[in-house]
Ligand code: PHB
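A lone chain, given as structure tokens: the form predicted on its own.
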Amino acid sequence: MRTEVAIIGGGPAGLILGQLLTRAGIDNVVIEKHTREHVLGRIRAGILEWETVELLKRAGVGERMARHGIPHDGIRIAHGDQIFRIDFAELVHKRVMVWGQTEITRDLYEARDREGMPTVHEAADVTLHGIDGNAPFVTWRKDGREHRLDCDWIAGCDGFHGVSRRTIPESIRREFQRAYPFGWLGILSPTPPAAEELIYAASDRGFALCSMRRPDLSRHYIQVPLADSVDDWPDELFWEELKRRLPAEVARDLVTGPSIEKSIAPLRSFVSEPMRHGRLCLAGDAAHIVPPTGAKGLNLAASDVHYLAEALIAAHHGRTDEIDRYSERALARVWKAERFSWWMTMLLHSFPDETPFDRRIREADLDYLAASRAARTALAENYVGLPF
């Protein structure tokens, strides 16, 4: 087989890139190690920056999102029994969209099917070859046979645990990371949201978040120790603890119910540089991870794909200046999003080793945010997303 761009990873980053390239007349093949059902079964974030919304429209998958997505003009932040609003529309004249990653992935697969573009699932032992030369290729095993795909470029969109980043030599690769000493226990429940907008809550007992997927489907989170497991948190105990971390007026009206899905996710900040080496370009979680506090994970993948699609389209037409600048352009935005996600995490979580001084500083920061329009504007500008 031969194609122009081999895309490693069939999640949102790889599929959006494939759509943008297909619409530009560039052949591409997506190679994914899991089944399609497995990819569609993953529960992920659903807060989209408006730049991401526009990118999905350009990729031809915005119709269902426009009908069923939920635009939000702000978020609410709770501190004890105090609650205040960050008004995106007033402060920065932008908004965000609530539309689940599972729905985005489904739309992207269906669009790819309509375009008749090839997708390989259940590809085992994926290996990248020749990325330092002009004739890269990808091999994998499937159905007891070895397969090979020759290409001009490889896009590594296969996540933190994928093969793409590890193909870049360790002598060239630089990695920066911070692991946080807690995780998020999240449940999905067939209950109405706690409020019309997301509520981020900082309390002495730890962080909590009330989010949503649809008017009848909610996603809630609480900060828990890394040593905890989902078995430690039956539904009744989860709801009780969530209520303790919310303002009384919110807890009083919270509708509870059985969980559909429950999981604990560790929090990590991670960046790998550079994002391009030879004929390999990284995008999304293959190159960086952010804690979910700032709602940046999928949105960062989208901005990477925006820059990478521009670069590959330019290379298709004989210009290499965009591909030469890809890593620099992408990383400039990545580090700003990393900073914001780190700051939101530090602002809203309790740390096991924090001192009384640390707690007072966090309380002062929250009080300042509630009182200062300038501080709220800075948060809003970063939350809705810096321009691509």
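None of the values given here were measured: they were computed from a predicted structure. Just count from 1 along the sequence shown to find any residue number.
Only in words, not in the display: the form predicted in complex with the named molecule, which the text now covers.
What stretch, of 110-118, 307-315, 289-297, 231-239, brings heavy atoms to within 4.5 Å of the named molecule in the predicted bound form?
Comparing against the named molecule in the predicted bound form, the contact stretch is 289-297.
Check each of Phe182, Tyr221, Phe88, Trp153 and return the one that places a heavy atom within 4.5 angstroms of the named molecule in the predicted bound form.
It is Tyr221 that has a heavy atom within 4.5 Å of the partner.
Heavy atom within 4.5 Å of the named molecule in the predicted bound form: which of Ala78, Leu198, Leu280, Val250?
Checking each option against the named molecule in the predicted bound form, the one that comes within 4.5 Å is Leu198.
Although the partner isn't part of this model, could you tell me whether Leu209 comes within 4.5 Å of the named molecule in the predicted bound form, counting any heavy atom of the residue?
Although the named molecule is absent here, Leu209 would touch it in the predicted bound form, with heavy atoms inside 4.5 Å.
Wondering, does Arg245 line up within 4.5 Å of the named molecule in the predicted bound form on heavy atoms?
Although the named molecule is absent here, Arg245 would stay clear of it in the predicted bound form, with no heavy atoms inside 4.5 Å.
With the partner left out of view, is Ile47 within 4.5 angstroms of the named molecule in the predicted bound form by any non-hydrogen atom?
Output for Ile47 is yes: heavy atoms within 4.5 Å of the named molecule.
Looking in the predicted bound form, any heavy atom of Arg213 within 4.5 Å of the named molecule?
Yes, Arg213 lies within 4.5 Å of the named molecule in the predicted bound form.
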